[in-house]
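Given as structure tokens, the chain that follows is alone and in the form predicted on its own.
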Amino acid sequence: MAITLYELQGAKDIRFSPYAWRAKLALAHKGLAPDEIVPVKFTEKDKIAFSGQGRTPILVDGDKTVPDSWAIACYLEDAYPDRPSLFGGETGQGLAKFVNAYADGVLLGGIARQILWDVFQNVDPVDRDYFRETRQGRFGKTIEEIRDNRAGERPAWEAILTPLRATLKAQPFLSGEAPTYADYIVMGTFMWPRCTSAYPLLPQGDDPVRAWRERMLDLHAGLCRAAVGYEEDFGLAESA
């Protein structure tokens, strides 16, 4: 059966959705390559109306339509049990659910408070009014106010990284000796800033989260490293 993935598209064909990256990493873990990836701008709701909702990513696998990155991972685990497991069993799936909540409820907000202006610059021009309205409504501040206060958010950001650092100081991946979907949740979240911002979220040198991110960038034949995006402090680096 043909597999199609619908994902968010920014300016310069940047694919920065943290949720789409979670889905792409889950597919790669299962050894599945989408036959087609369909780019969707924020305001192109007509492209995804068939799914019965208005957000990406959306996986279409034959006659199955699955929106939402968590639902996609669960679907892939159930539909392809003969391929490498994303969770390593029910216990791992339950723990990944917690990581998903941490990433959505804590990690994404911490990142947004530092890079939202940069993301805005990389949204397709036709989507910028929509992006400004929805994000300013969400944060209760203008994008410019959020940008101007990002240095003040640094202590809170360092606190958000504490559980990641503690875990990754003791083991190479969040899941232990090898990555599972918990790692893909967090790495997908970190692909959001990598694809949109040169602002240094992680310190240079001996930082366990940075070292983990480097390992994740090289997984699956360098899937994440090949994406159009930013190297911190070096500007936009287009994929080869």
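Numbers for residues come from their place in the sequence shown, where the first is 1. It should be emphasised that the depicted structure is a prediction, and the values quoted were computed from it without experimental measurement.
FYI, the form predicted together with a further copy of the same chain isn't displayed, but the following is about it.
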* Can you pick the one in 119, 99, 76, 111 that has a heavy atom within 4.5 Å of a further copy of the same chain in the predicted complex? -> 99
* Asked: Which residue, 166, 151, 126, 156, has a heavy atom that falls within 4.5 Å of a further copy of the same chain in the predicted complex?
  -> 166
* Asked: Is there a non-hydrogen atom of residue 140 within 4.5 angstroms of a non-hydrogen atom of a further copy of the same chain in the predicted complex?
  -> no
* Asked: residue 162 near a further copy of the same chain in the predicted complex, any heavy atom under 4.5 Å?
  -> yes
* Asked: According to a 4.5 angstroms non-hydrogen atom cut-off, is residue 145 in contact with a further copy of the same chain in the predicted complex?
  -> no
* Looking in the predicted complex, any heavy atom of residue 174 within 4.5 Å of a further copy of the same chain? -> yes
* To do: Report the stretch among 176-184, 36-44, 199-207, 57-65 that approaches a further copy of the same chain in the predicted complex to within 4.5 Å, counting heavy atoms only.
  => 176-184
* Within 4.5 Å of a further copy of the same chain in the predicted complex, which residues of 74-110 have a heavy atom? Give them in sequence order, or say none. => 87, 88, 90, 91, 92, 94, 95, 96, 97, 98, 99, 101, 102, 105, 106
